[in-house]
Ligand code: BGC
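Just one chain follows, in the form predicted alone, and it is written as structure tokens.
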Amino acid sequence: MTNIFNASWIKPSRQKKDVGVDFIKSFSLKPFPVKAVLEISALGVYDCKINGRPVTESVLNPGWTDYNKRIQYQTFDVTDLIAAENTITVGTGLGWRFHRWYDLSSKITAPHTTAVIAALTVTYENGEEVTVYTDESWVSAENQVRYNHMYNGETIDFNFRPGKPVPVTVIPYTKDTLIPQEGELITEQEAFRGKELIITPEGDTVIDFGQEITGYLSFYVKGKKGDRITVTHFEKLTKEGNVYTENLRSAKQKLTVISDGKSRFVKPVYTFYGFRYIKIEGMEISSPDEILAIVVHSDMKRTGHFSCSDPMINQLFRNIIWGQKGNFLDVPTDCPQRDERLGWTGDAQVFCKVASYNFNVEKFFKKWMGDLRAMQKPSGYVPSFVPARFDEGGGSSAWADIATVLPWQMYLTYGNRELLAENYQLMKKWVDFMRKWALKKKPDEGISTNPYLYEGHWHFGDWLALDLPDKEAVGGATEKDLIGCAFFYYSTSLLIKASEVLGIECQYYKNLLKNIKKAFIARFIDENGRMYCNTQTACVLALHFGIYNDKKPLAEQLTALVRESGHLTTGFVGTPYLLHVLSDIGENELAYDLLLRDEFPSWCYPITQGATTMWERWNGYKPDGTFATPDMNSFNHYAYGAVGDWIYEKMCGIRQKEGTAGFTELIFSPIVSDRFTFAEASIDTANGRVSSRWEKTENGYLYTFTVPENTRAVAVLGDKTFTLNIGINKIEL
């Protein structure tokens, strides 16, 4: 049953800028319906109630898509809400559609004008159906949300009383872009009461919730009529203990409430905030637990867990989890707080593997891959963030390679061939795009022997690497041509693998892969088998992607670079693979050195500074108590959490056998270290829970591996291989 396509888009006949608007319909029904289903969507975000009761626990519907091509609608069973006399109220706010990066105003829907479309279908026992559509019979009225904005927050005025409702206008907005809900709905998750009430040296009243989250507050406002209570959300205190908001850039992140003198419950409806701390002005607070912070994110099921004997690494893993929670809101955003919050492709590319181990993200990423396909240009070009409102700024290696990496990783984790087939053209068009940029020979020769070059096309490079003298620099020291060519090779190899899984002929791409390899070696590797570009990331890419057969000189070069610096210097491009490569070349203790390092720069350094999520920069908050440039300094940015897949796959040794998918064939091969007394991890798969644990004993190590039904597994421990049984397997060596 799909009736929403028979409904009309409606908007208010007049609407003030940035004000919340209710769309209202009252109607009678005869008794007694056996089923009532509501289909609904909006231009903006909506909050729908029937007879004063919410139709869903989800929030920020209908989510964020490329609205030119895709607008999700939701379907809810509302049978229990229906009475003889009924009123539907659909509150609307601006939402993502009026995001500064994505304002889709038009002559039909003027700037900052919201609209809704809905169909309520009521079914009786005899099969009779009655449908209430959005049409000109509805009315609209402003509500108490007097200002709303995704970046700046909300203003709620309890003194406001709406005047007489005004008619709505039916608008000829297309319904061709409506699609059923694809992703996970965004829902309220856990909640935190304030942990500490702080009076800063500058005299501000601050509450620390003890955990950085994405969400909003709920509390009862206290004050005299006309009192203005303002709450500012922020991430970090200065070294002096004062409020720090510079890194929010232009985002205000405020909640403003105007009291009518009564105790009123407050909770934002049309926006979200990224914060650990709040500053309260205009209302006295006697205890921090008077304020509740509610976490919101896409409703993903938690599937991955980890624990070990080192509290610092346990906190690192918690920070990885919270980084994902804080940024998976219908699209994988880079950060949830400043004036950005975009679906950056590079962040998702480096993190999608561990994301799929931590949570079940198959449905979440299926939806976002639909957004990727919608935004991909006929040339194969992929924007740097999706959804996006413009074309420039895309096609960068390691960012646009999301087009191949994500579909392949989702196939590996979930074994879903249909999902891989659905996105095969996304993969192929991206590889073909790179080939066109690389082609320097005559077109009729067909196969490129040149790398995918930076010249004439934008690349971000090894973003936020620390291998340049200026630690505030963003592009890193690794040649962008090298990164482009390496990812050209990598994406082509993934396209070949996908083709073979799907039974698609791919000899052309196999030949292309060989020629990319020749081009890479000729341009970037010297006669001694070492990288001309003497950076950690250059060596890591060549080794991890397998572009050069003789690994020894590259391994020696990488090891020397790490030992010489004493720490990692990689950015967004090199960091996800660094520990994997060190383990692959036998430098396991060096990998552990980097993992356990707690001085700047390292994964654990932010934890020494109180971090509860992953940081965007290694030096976001420096050892001297100063901040990195506020132009780009998020304290909830999940990309460097990609180290989590090394924890699952190498430290705890949960790996899939090459050539398999969906965790049906496993190889357990944990890398132990005497710096831990135990480590354990688990991943819930379609067949059941896979788990691995190792612990030190008086005589060596005790290994415990759990193999679910319909799964084959072996354990490779040193030079010994053990065939494992379904269930719990214990091995002591």
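One rule holds for the numbers: they count along the sequence shown, beginning at 1. This structure is a prediction, so every number in the text was calculated from the model and none was measured.
One more form of this protein exists, namely the form predicted together with the ligand; it is left out here, but the text below deals with it.
For the ligand in the predicted bound form, the listed stretch (180-188, 458-466, 429-437, 579-587) containing residues with heavy atoms inside 4.5 Å is 458-466. Interface residue among 330, 401, 371, 334, judged by heavy atoms within 4.5 Å of the ligand in the predicted bound form: 334. Of the residues given (122, 412, 632, 321), 632 alone sits with a heavy atom within 4.5 Å of the ligand in the predicted bound form. Residue contact check for residue 297: none of its heavy atoms lie within 4.5 Å of the ligand in the predicted bound form. Contact annotation for residue 340: at least one heavy atom lies within 4.5 Å of the ligand in the predicted bound form.
Within 4.5 Å of any heavy atom of the ligand in the predicted bound form lies no heavy atom of residue 520. Using a 4.5 angstroms limit between non-hydrogen atoms, residue 344 touches the ligand in the predicted bound form. Site residues 648, 680 and 693 are none of them in contact with the ligand in the predicted bound form, judged by any heavy atom within 4.5 Å. Annotation for 551-589: the only interface residue with the ligand in the predicted bound form is 572 [heavy atom within 4.5 Å].
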